[in-house]
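Consider the single chain below, provided in structure tokens and representing the form predicted on its own.
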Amino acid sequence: MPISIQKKSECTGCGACSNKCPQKCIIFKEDSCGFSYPKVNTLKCTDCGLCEKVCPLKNNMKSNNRIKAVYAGWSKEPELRISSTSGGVFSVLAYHVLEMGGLVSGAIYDSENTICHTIVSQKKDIVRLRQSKYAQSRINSVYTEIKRALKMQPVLFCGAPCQVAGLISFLGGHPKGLYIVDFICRGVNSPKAYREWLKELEEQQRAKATRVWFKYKEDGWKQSPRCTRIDFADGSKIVQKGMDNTFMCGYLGNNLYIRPSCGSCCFKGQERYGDLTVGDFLGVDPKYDDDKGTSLILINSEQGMDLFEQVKPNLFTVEREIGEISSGNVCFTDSVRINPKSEEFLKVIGKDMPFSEAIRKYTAVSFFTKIKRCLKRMMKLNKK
């Protein structure tokens, strides 16, 4: 039987099934909320069952990797650090693998600002892979391309934990020469929400967006989660901050467009699929936080340790305790609670109302909720 998704929460969209299909009869198609799910061409399907066997969720896939060491760190190159989401560790790793004669795979914005995975071979292209993208990327045929490339050279792959699991399942294991970096993931957002947000800005600006820079560090690293810069073809730019940053408010504050499977993610905690895990080291000891970006670096395998030791001269690093991870990174162990109005929101944007209007409607705080929050604040003050 070809792969069949009975519940939306049972598919991460990792792309392993479409890459594995020998008949190439599986495509990923967006639903009304903008999330992609496998669609099988039954006329071409031979019922080989490989798509079902390769699915990480259907086979309760487990990893043997566990965290061996924890570091805080950042690139010693100031410009690289500032232009990265946290401390620039991914770029340092990527440059090193290229110097080894390898390839690097990660998520980019294409010419239409769509987010997809690709493979690069030159240092100048690493800038396109840098920074968080905040919407789910299309894997396309990248797993297949990586399998072919590994016959000749090493490859560094960076992706969400579910994408990493998909790659390993597709390859049938973790082959030598494949370096894998995953990241602390809060949940992947709907490409539809991202498109509708950007489309509205382009209409307001009357120009095409040429660059989207989430977590823009204009006001420092700690303020960057709610600061986004968008550059346009006419040379203009917009910097959205705080409550004016509608996309990040809908994501961070309200969980309005996170993929259903992210509400019960099984790729969290200390069992990691990546050789290394990176992320923002939120809550790190203040003496290692100068507000320019501090990376959390988890070493999960011997291969990861070897790679880390090779790039260490290019990093400032300090070893930390594993207990520090969760204090500022709740999503290291816990899944987000998806907004119950998420599906409704995603269906109305672009159809019944523009993105900003929908955000105002679906993020409005009721009078009752305001009273509850006020009482909680008063209780905290009284305790002091």
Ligand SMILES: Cc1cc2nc3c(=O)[nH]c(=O)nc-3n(C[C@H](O)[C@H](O)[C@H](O)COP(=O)(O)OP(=O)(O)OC[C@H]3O[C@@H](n4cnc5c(N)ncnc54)[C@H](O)[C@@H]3O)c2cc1C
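Note that the structure is a prediction, hence the values are computed from the model and not measured. Start at 1 with the first residue shown and count on from there.
A second form of this protein, the form predicted in complex with the named molecule, is not displayed here; the remarks below concern that form.
Contact with the named molecule in the model of the complex, judged as any non-hydrogen atom within 4.5 angstroms, is confined among 164 to 172, 272 to 280, 233 to 241, 141 to 149 to 272 to 280.
At least one heavy atom of Gly159 is located within 4.5 Å of the named molecule in the model of the complex.
Within 4.5 Å of any heavy atom of the named molecule in the model of the complex lies no heavy atom of Leu50.
At a distance threshold of 4.5 angstroms between non-hydrogen atoms, Pro191 is out of contact with the named molecule in the model of the complex. The named molecule is not shown here, and in the model of the complex it never comes within 4.5 Å of any heavy atom of Ser335.
Interface residue among Leu201, Cys185, Ile180, Cys265, judged by heavy atoms within 4.5 Å of the named molecule in the model of the complex: Cys185. For the options Cys227, Leu256, Ala107, Val97, the one in contact with the named molecule in the model of the complex, meaning a heavy atom within 4.5 Å, is Ala107. Shown here without the named molecule, the chain has only Tyr251 in 230 to 253 lying with a heavy atom within 4.5 Å of that partner in the model of the complex.
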